[in-house]
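In the form predicted on its own, a lone chain appears below as structure tokens.
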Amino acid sequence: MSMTSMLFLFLFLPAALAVYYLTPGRAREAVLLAVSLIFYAFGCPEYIFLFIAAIAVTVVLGRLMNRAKTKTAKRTFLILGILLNAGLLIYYKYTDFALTTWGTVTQTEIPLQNLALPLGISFFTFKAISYLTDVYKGTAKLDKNPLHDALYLSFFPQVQSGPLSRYNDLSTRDAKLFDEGVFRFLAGFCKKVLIADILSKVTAEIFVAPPESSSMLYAWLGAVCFSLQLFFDFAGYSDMAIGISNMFGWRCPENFDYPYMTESVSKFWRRWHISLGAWFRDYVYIPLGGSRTKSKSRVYFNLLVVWLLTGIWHGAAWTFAVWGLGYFAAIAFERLTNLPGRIRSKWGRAVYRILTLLFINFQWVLFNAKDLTSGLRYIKQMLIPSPNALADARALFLLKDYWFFILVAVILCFPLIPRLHQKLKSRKTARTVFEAALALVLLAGFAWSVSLVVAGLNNPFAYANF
């Protein structure tokens, strides 16, 4: 069940909220757990029992670990839990990739398993590992109700594509978050349907075009639109997930902070998919030694491991591995050269920002390519002029049709709305008018988005199969 479907919008979510708030006391968590399992069953019925089993085993191991008296016992439960959860992820996500790679190396034909990917398995696995690790370290304060642990692992707004919250994020409820949650949900819905899904029409056409029917302008249009599409697709989902979490009274970690305003590649990943970066920092980079190790080579080894795993986590293909290694190379370069920190000129910093965005854009081309050859060929098309009047005319035609959505997307990459709201904070009347106008625009955008969904013009979330 997609969070942009009519079934979810006008039946599932209202019913879930109504049942939750009509249920008294601690029984609410049991109700919300049942709702989350129903949501998963709708979206991935073939794996619902596997999902329940994985939750149950993880919670049992976490509870046993919490009660264990010796460090050896605790470590045993931790290792067992990590191996079981990581094993499920590796089996379902990487089996065919491993078989294909081995077949290529040995030049033999190996039959593939063609395993369907369980809904949100990458996000579930990382939440399970964080839960087990935090229980082991004593930072996750377990109460007497194991259903709370199960709810953390299965909470339906986050189960498909995050954000990767921590166990303690669901420890305190605040009913005052409801209004804020509605606003965030509507904003995310509009980002997804009115920007990401519409721009996907451009990228879907351009990225499948053969090289001989493309041109530099045509390729650049596709690359820029994909960068915008991916951001508003995933940021839109994150806003919707955060909004729903707020409606139920729980805070959810932010996942995006205007990433295309970044000053460097390193800072880009402090703004993009923030919860994933924090997860790798806390559960991979720091345990490996982080930046505190005495050996500089060890620091770069730690970074290499993190970025290789980040790439592979995003997908079972060599394009994702190379994509991750590309970020490792760029971030290692910035650490070695102290760039852009050593640049004093305002113009120099501006140039470095532009180069950073160009690098990120090339990286997204690899991310979206079906294979490395296709991705590199596309980048070559962006860099080397290849006159093609038909492709240029088609690019101009698409620009004419989609310029408004591209412009709005670019404008929303900057924090203009929150900054304006902040400036009006001390001016009550102006702030009230601004908030009312923003609410009207948001409601109009939501109505427009719903009409597009009804017409079948929306797409699945980009991260839905991770």
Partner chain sequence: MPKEKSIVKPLLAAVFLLILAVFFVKTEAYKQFGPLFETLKRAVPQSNSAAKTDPAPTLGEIEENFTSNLWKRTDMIDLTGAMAKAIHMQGYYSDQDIFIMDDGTILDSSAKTTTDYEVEQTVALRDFLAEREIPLLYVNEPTKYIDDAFFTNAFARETWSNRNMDKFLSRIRQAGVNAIDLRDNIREENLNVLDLFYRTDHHWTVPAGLWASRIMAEGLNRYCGYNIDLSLFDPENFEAKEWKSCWLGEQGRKAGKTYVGLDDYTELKPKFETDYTFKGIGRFYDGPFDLFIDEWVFDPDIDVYENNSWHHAYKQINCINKNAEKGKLLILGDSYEAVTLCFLSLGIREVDSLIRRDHDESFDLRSYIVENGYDAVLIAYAQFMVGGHDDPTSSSYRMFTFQN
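Fair warning: this is a prediction, and the values are worked out from it, not measured in the lab. Positions refer to the first chain, counted from 1.
Quick note: we don't show the form predicted in complex with the partner chain, though the next part is all about it.
Partner contact for residue 410 in the model of the complex: the partner chain, 4.5 angstroms, heavy atom: Output for residue 410 is no: heavy atoms all beyond 4.5 Å of the partner chain.
State yes or no: in the model of the complex, is some non-hydrogen atom of residue 24 no more than 4.5 angstroms from a non-hydrogen atom of the partner chain? Contact check for residue 24: no, nothing within 4.5 Å of the partner chain in the model of the complex.
Please tell me whether any heavy atom belonging to residue 64 falls inside 4.5 Å of a heavy atom of the partner chain, as the geometry stands in the model of the complex. Close contact is absent here: in the model of the complex, residue 64 is far from the partner chain, nothing within 4.5 Å, heavy atoms only.
Using 4.5 Å between non-hydrogen atoms, is residue 428 touching the partner chain in the model of the complex? Looking in the model of the complex, residue contacts with the partner chain include residue 428, since a heavy atom lies within 4.5 Å.
For the interface check, one of 389-397, 285-293, 99-107, 271-279 should have non-hydrogen atoms within 4.5 Å of the partner chain in the model of the complex; which one? Result of the contact check: 389-397.
So which of 178, 258, 300, 220 reaches within 4.5 angstroms of the partner chain in the model of the complex, heavy atom to heavy atom? Here the answer is residue option 178.
With the partner chain left out of view, choose which of 334, 263, 205, 254 has a non-hydrogen atom within 4.5 angstroms of it in the model of the complex. After the contact test, the surviving option is 205.
Suppose contact means any heavy atom within 4.5 Å; which members of 186-204 contact the partner chain in the model of the complex? The stretch 186-204, when checked against the partner chain in the model of the complex, contributes 186, 198, 201 at the 4.5 Å heavy-atom cut-off.
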